[in-house]
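Read on for two forms of one protein chain; each stands alone as structure tokens, with the labels structure 1 and structure 2.
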Structure 1
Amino acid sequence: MVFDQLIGNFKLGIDYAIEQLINGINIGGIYALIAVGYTMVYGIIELINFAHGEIYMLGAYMAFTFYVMLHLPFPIAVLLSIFTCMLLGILLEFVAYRPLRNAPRLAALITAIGASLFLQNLALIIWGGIPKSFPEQTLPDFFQSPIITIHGNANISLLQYNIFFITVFLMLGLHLLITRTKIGTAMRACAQDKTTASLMGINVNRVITFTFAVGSSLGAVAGILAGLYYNIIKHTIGYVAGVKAFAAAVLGGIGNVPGAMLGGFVLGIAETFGAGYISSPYRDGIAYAVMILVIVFRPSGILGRKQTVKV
């Protein structure tokens, strides 16, 4: 029965494949934006920030609140949401992670899980369990209508095009920030060796705060884009997206920013193709399976370097 389904799926043809590819690129772009936050934080303080997925979820909720509940114009709501999430990321680092900077890593990891649990349930209390969605007219009509049509079936609307565009634009900006600016150099120095960096006059705490701010704001952008794309905002979206984004970060090589971007796109495409051609109920399972296989067989990821254990 499964084989019949498989063969049937392959007969769907090239249009279907292109549509899946486009969906994959969009979802992958969202994963890539979240994954960058994971990878930057991991690169510097070697902590899996489990609460990062929750920041993504709160980004979507904040934009929803400012736009629908407080009736602010959409661009301002987006900016306010990004700003709030940035502050939230900084607060999180300050309250939960900074006191444990020198504690065992298990303690920091458990704190991160606690923070994730706290934020997720806080959202449940504030916004309730009923899924929210942005109203139809959030974006003008021309965002929704197809702008590119391939073979008459595969459509790309401007919104989808924009997710890809915004993702690439932000990634480029981030790349320039990391490679060309002073604070970016400081970040790279801290990722290399925090002690030596602090001896060279870098304020490590400030760099870490900055990293959390950048990661959280990118996460918030991802949340808003996903809210518009899926049109569903719920308190549980953060943890699934967070784990998949972490899988993307691992896939690309954790601690490696270009790797996280690549990993996000690869994972998104793998997921949509898996869902389209193999089995759609196991959509999330494909991401988990990819993550487990990569961690087991190539923990350094696609672009990562193999690290040796120092005694």
Structure 2
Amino acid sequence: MVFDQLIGNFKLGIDYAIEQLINGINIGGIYALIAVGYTMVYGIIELINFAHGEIYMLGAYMAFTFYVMLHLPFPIAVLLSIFTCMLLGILLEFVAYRPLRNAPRLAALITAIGASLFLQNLALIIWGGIPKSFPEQTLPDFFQSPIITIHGNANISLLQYNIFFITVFLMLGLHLLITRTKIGTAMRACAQDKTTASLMGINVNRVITFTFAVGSSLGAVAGILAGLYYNIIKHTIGYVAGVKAFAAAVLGGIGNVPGAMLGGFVLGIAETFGAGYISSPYRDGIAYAVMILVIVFRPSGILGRKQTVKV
């Protein structure tokens, strides 16, 4: 049955393939924004921050709350949502992770899982279990209109174009921040050796806090974009997207920022093509299968190296 569907979908032609590619790039960009948050934190303190997926979820919820419930203009709601999530990421680092800085890794890992479950249940208590959606008038109608025709009926809408532009712009900005600024140099120094960085006058705690702030801000943006793209917000979206983004970070090479970006796009495209050509229920399994194959044949990830420059 699956094989028949696969053959049938291949007959849909190049237009269908291009549409899947466009969707995959959009979803991959969202995964990449979340994945860099995972990989930056891991690069500096070697912690898998499982609560990062919940920051993504809260980004969408906070934008919905500021816009729909408090009736603020949508751009203001977006900025306040990003700022709130940034503060939440900083608070998480202060309360949950900093006291365990010198504890065994397992303790910090369990704390991260606990923080994830706490935030997920907190969202369930505050917003309830019924999914929320942005109103139709959140974005003007022309955002759904095609603005670029690639081939036949394969088009790019203004919303898809903006999601791609925003994700690429933010990732280029992050790359420049890490490679061309003083704080970026401090981040890379802490990723190499925190003790030596501290002896050279770098405030390691401040760098770690800044890393959480940047990662949480990007996670919030990803949540808002996904909320607009799928137009469904519920308390479990952070878990699903967070696991996939973590898989993307591993796929690209955990601790490697460009690798996390690449891994997000590869995972998004693989997932979309799998859902489009095989079956939608298999989309998660296909995404993880790609990750497993890469790990089996290249354990350090696509861009990972034995002595890679982290963060």
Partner chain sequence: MLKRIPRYSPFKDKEKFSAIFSENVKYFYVVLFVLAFFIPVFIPNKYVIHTFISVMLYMVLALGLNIIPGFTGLLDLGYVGFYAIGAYTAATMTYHLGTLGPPWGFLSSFWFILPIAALNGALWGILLGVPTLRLTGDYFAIVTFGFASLVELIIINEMWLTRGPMGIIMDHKPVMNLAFMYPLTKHFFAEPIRFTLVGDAPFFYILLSIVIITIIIMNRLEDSRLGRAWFAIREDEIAAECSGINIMKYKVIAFAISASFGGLAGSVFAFWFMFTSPESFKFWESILILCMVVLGGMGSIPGVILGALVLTSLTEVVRELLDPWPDLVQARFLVFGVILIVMMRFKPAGLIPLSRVKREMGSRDKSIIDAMNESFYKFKSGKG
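Bear in mind that the values here come from a model prediction, so they are computed numbers and not experimental data. Between two forms, the rigid core is the largest collection of C-alphas that superpose within 1.5 Å. Along the sequence of structure 1, residues get numbers from 1 upward.
Please let me know, 1 or 2, which structure is the form predicted alone?
Pick structure 2; the other is not the form predicted alone.
Superposing on the rigid core, I want to see if residue 18 changes position between structure 1 and structure 2 - specifically a Cα shift of 2 Å or more.
Result for residue 18: no, shift under 2 Å.
Residue 292: how large is its C-alpha shift between structure 1 and structure 2, with the rigid core as the superposition reference, in Å?
Comparing the two forms, residue 292 shifts 3.3 Å at C-alpha.
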